[in-house]
Every structure is written in structure tokens, then in C-alpha cells.
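Next up: just one chain, as C-alpha cells, the form predicted on its own.
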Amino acid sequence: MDQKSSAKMVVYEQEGVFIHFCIPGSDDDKMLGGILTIFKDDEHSYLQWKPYDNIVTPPPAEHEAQVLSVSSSAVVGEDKQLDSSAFNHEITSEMRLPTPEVALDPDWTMVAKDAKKESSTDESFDLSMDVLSAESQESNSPQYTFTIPLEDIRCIKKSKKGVAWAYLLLELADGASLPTLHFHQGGSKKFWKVLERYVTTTKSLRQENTIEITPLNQNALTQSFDQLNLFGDSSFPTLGGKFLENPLTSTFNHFSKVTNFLQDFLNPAETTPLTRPTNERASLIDDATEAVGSSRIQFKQEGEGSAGFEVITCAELGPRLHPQRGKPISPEYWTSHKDSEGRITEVEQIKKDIFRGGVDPSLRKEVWKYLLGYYKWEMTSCEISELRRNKEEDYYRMKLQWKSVTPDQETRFTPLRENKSLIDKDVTRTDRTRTFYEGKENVSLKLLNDVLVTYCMYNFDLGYVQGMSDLLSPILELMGNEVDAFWCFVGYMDIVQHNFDVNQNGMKAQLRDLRTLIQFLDPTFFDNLIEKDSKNLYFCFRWLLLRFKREFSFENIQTLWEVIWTGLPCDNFHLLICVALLDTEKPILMDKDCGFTDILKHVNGLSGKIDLQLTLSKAEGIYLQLATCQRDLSDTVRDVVGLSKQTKRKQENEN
């Protein structure tokens, strides 16, 4: 590694991070305390651990939670001149965990088998310990200083919940493991938050309590945004260069909060699979993996009765059903489900019927207000009338707040000024081919603008982010007035606002969950995406961000949205829709001549060509397929499709 004299930016620093040692032939355990740091330079980000001066002996067991009194600190964005000698340290064999011959237990990493058997330590304490060789005992502690690029980390194993302090075991890309890091003074949660700014973290489907690490790559998502034309023809090409030159300024001036994604979540580079080499695996497992893919192989640790053996099972997916779609609920149907005072009855059945066939266009203006939480299902007609009066007053009060800001005041009100500027640019290019919005002096454009600016006054924390105008446009056209459109839009944003989080955790989670589903349902297809540097699924970004708004006609997107708004059969049904779309297009996407750029172009070209009813039927069929074998599903897959919630509710009802 080249030495550089320039200052490094320290983004995380935590004292009281220890390495625990089990010394062969000694009854005493030793600890080496130090400081864990994440820092970056102009090209890379690094993880560094530096020890204190001395190895300390831990206190008696009854005081284990009181090791030292070193205060912890988390330094963010502070420039520090780091010791350049840190770059000279190599990760030697002394710093790596023992080879597999030592038979490490994943939850209690005692180095020697004999030491583990003879130790009186309580294994339920779940503490990882490393070997301190004779050479290490005789030498000074600084040899344990290590500095590694974050991109060299392959995975991180976390401690289980309920231990005295958190610990992390880092495995490198070459298969080596660093000494286990114990956070005696806390700070592990902050470590994860900072780490996720510079790498992508994905929960492993193969190893319990293990997080897979994927390096960042800025080019992939930049190209994805360009090909998908996410924010218009003219906005992105100029933005791309400026963003790389000045991420902060460019983010606020052009790409708003959502496009921090370029800096914050880029991971096309692949990591080494968390599996043994082929020649070290049993043929039975090899055969199963080849038949169904490694994502379906489940490793479950049994209890004491099985002496700690792992039971290997294979999730068998049953046949995929093709549910029939129904007809939209009619005005007669809707009227028959109102009582004499206007309350809606049999709400759950109504939602099921809307999920099955949607809503008749003549009813949408009323039904959407219920689906989006503007009206409560149990309200009477009189209560709704009173609600509308109150909501109208609330809306115009918030609108007056920004309308009354003078131009002079606005020069000192940066958030409002920047939101208004961004909204003005987006409104002028939102659905302009629709009759409702066409023309230069169209009053509907002014309404669209006013509703979006007023939303900034309603939600100060979020403000306006590019893409929101796409979500509001169909609602405003359907409602025909700004008050009803505003409150329906508020309801929709309550559902999808995490798509626009400044830290992009919402979008990260959805792409991660979508990868989980694809990897489990179709490992062969997922492997094909890996080969084409498309595992990141950036080509699905627009689908998720705008809830398919650009992919369907105006009529079809209304049907799709109202189906999703029912919350059936699970909150993540939109992810199953993504899986269904990819399943339909799989023959083209898996073609050997269809590479990364070709996938982007093909997905972008699907707009207006997708069979909605076929896609909804296939998505429901995928859900039913998973539901029939839910006992064989991993916890992660069950969580994504909402089966864990259903099981919990069923158990609560039985009790």
C-alpha cells in the first residue's frame, strides 16, 4: 500500500474494543484493548485497529461487564492525521484465526479442543476467543495493529443477542479471519451505521448471524439511472459528472436526497461464495445444490439432543398456481356494503375483492380515500363531512404559510427556496402528454405545484424529493381538487416515504429483500445475474421508487396501485410483482448476449408493454407457492413475504 502524507478523514472511532486470548497451557485469559477506526482517503476506505500498550487480565467472572472504564467516542467527519506507519503493517499469520483443523465452534471460538473441553467457562456467555501463540506472548502488542481496506472484508459474523457485550468476527476475501473484536464500551451499532455508508451489507442466507459485505462501485448505478431515464432526459447526464466532482453540492442542487444512492449504495462487485470448495463438500450436498441452487439448502443447528450437529434440509417448492383474476367491484357492490349511516361493512372482504379485481373507475374517487387512510372505514357520512371541513382548513392553513413568505424572506429560507425550485422543474415535465396536464398555462400544473409545496410544510423533515410528482399526478387527476388530492397523497406517502429517506435505507432494504426472493426462488437466474454484474438489481430501481408508475398506462397504474394498497396478501406484494416481471422476461435476460447494459435497455423498453393481469396473477401464484412450503423457508424469506407476521397473529388468536 502506498504511503500518503495527506490527512485521512476519520468517520468512526471507538475506544474499548478488545481482543480476547486463550493461552494454551494457562488458566488465565488475556485481553488486548485498543481503538477501532474507520477512515478514508481520496481512493479507499479502511478499517484499523490499534492496541493500547499492555495486555490486561480480565476481572473475575462476576464483574465481567465492568472491564475497564475507558470512555467511548464516535467521531464523525473529523480530519485527523493518522500515523503513516499503520500502512506498513501486514496481516500476518499471527493475526488470523486458526485453520479449520482446530475445529472452531461458531458461537464459542475456543482455539484448542482440549482447552475447550477442560475449560470451566460458561459457554452460554457466547464469547469468542483467539489464540495467543508463544511468539505473540513474547513480542510487543503493536504487531497486532492492522489496517485493511473495507473492500477486502468478505463477511462479518455478529454475536447473538443477550451477551454482555457485542463482538464481531471479520472474514477476509482470501478466507482468513481477523481476531474477534469485542465492544466492551459499546459502539457496535454505530459501527454498522457508518460501515453501511461505504459497503453494502446483506444478511447471509447460508450462515446464521452473518452479514455479507459487498464493495461499492459508482459506475453501475450511474449507468442504471441514465438508462432508466429516472428523472428526465436532460437532468441526469449533467448531474453525473457534477456528482462525482462534488457529491454534497450536487446532491442538494440537482439530485435531491434520493440520489445519495449513487454515493451510498453501489455494490456490483462480487464476493467469494460462503461455501466450501467443491472438493471439500459431500457429494450429496453437491447434488442437491446443483439441482435446486445453494439458496434452498438450509443449515439448522439442532439442540443438545443432537450433540450440536447441523441438520441439512432442502426447501422443496411446490407447483406454482395461476390464480384467476376477478372483476372490479361495482357501484352496486359498494352500495350494498354501506349501512344506513354510511359506514363501510365487511371491510376485509372488500379488500379481498379489490385485490382480486380492482375498483370500477366510477368508484375510485371515493374508494381511494378509504384505501389511503383519508377516510376511516368505520366513519359515518356525517363524520366524513366534518372530517372534510377540518382537513380543508388544515390544508389551506399550511398553504397560506408558504404563500405568505415574501421574496425577501425566501432568500433566507433555503429549504423552502430549494424545494420550490426543484418542484417547479419536476412539475413542468410530469405527465405532460396527459390532457389533464398539457399546455403551458394549464391550471392543473399549478395545482400539482401547490400540493407538492404544501406537502413540504406538512412534512418538514422529508420536504420534496424527485419522484414525488409522479406519485401525486394520477391522484390529482382522479380527485380533481387539491384538498382531496393532498390528503390522499399524504396517505400514499405514509406508505412509501421510506423510498425517499435521506440515508436511502428504505430503497436499500427493498433491493436487498428482492435479491433474497430471487435468490431463493430462482437460484439459476440469480447466478446468471451475478455473471452479468447485475446482482445489484439496479434495473429495478425505478419500479420500486415510483411503484411502477412509468411502466403502465394511466388506467393500469390505477388498478395496480389500488391492488397494492389493500395490503394483501402481504405488505411486500410489490416485490413479488417485481419477481413476476423478471420471471416473464427471464428468457431474454438470461440470453448469453444480454449483458449489463442490455438488461437496462430491455427493462426500460418494457414501459407500456406489460400485461398487468398476467403479472398480478403470477405474483399471487408466487406468494401461494411460498406459503405452501413456509416451514422450509428461511426466516428471512418468511419475513419478506409476511408469513412470520401471519404465524404470530395465528398463535396470538389461538391463545
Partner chain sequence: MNPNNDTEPYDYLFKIVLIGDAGVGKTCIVQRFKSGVWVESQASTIGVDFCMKSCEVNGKKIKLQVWDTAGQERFRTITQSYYRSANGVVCAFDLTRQSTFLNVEKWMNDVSKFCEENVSKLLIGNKCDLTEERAVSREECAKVGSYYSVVDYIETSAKDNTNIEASFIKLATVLLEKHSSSNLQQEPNTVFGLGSRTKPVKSTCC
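Numbering follows the first chain given and starts at 1. Between two forms, the rigid core is the largest collection of C-alphas that superpose within 1.5 Å. Small disclaimer: the values here were computed from a predicted structure and weren't measured.
Below: the form predicted together with its partner chain, not depicted.
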Taking Gly467, Arg550 and Lys601 as the candidate spot, are all three within 4.5 angstroms of its partner chain in the predicted bound form by heavy atoms? yes
Heavy atom within 4.5 Å of its partner chain in the predicted bound form - residue from Ile213, Ala485, Leu529, Ala166: Ala166
Its partner chain in the predicted bound form has a heavy atom of only one listed residue within 4.5 Å, and of Ser421, Thr524, Asn390, Ser381 that residue is Ser421
Tell me, please, which stretch of 364-372, 349-357, 395-403, 425-433 lies within 4.5 angstroms of its partner chain in the predicted bound form when heavy atoms are compared? 425-433
Hey, in the predicted bound form, is Trp192 touching its partner chain, heavy atoms inside 4.5 Å? yes
Could you tell me if Phe500 has a non-hydrogen atom within 4.5 Å of its partner chain in the predicted bound form? yes
Hey, in the predicted bound form, does Lys376 get a heavy atom within 4.5 angstroms of its partner chain? no
Ser159 versus its partner chain, in the predicted bound form: is there a non-hydrogen atom within 4.5 Å? yes
Can you tell me which bits of 540-555 touch its partner chain in the predicted bound form, meaning any heavy atom within 4.5 Å? Phe541, Arg542, Leu545, Leu546, Arg550
Rigid-core frame, C-alpha of Leu181, shift of 2 angstroms or more between this form and the one not shown: yes
Closer or farther: how do the CA atoms of Phe191 and Asp635 lie in the predicted bound form, compared with the form shown, if the change is at least 3 Å? farther
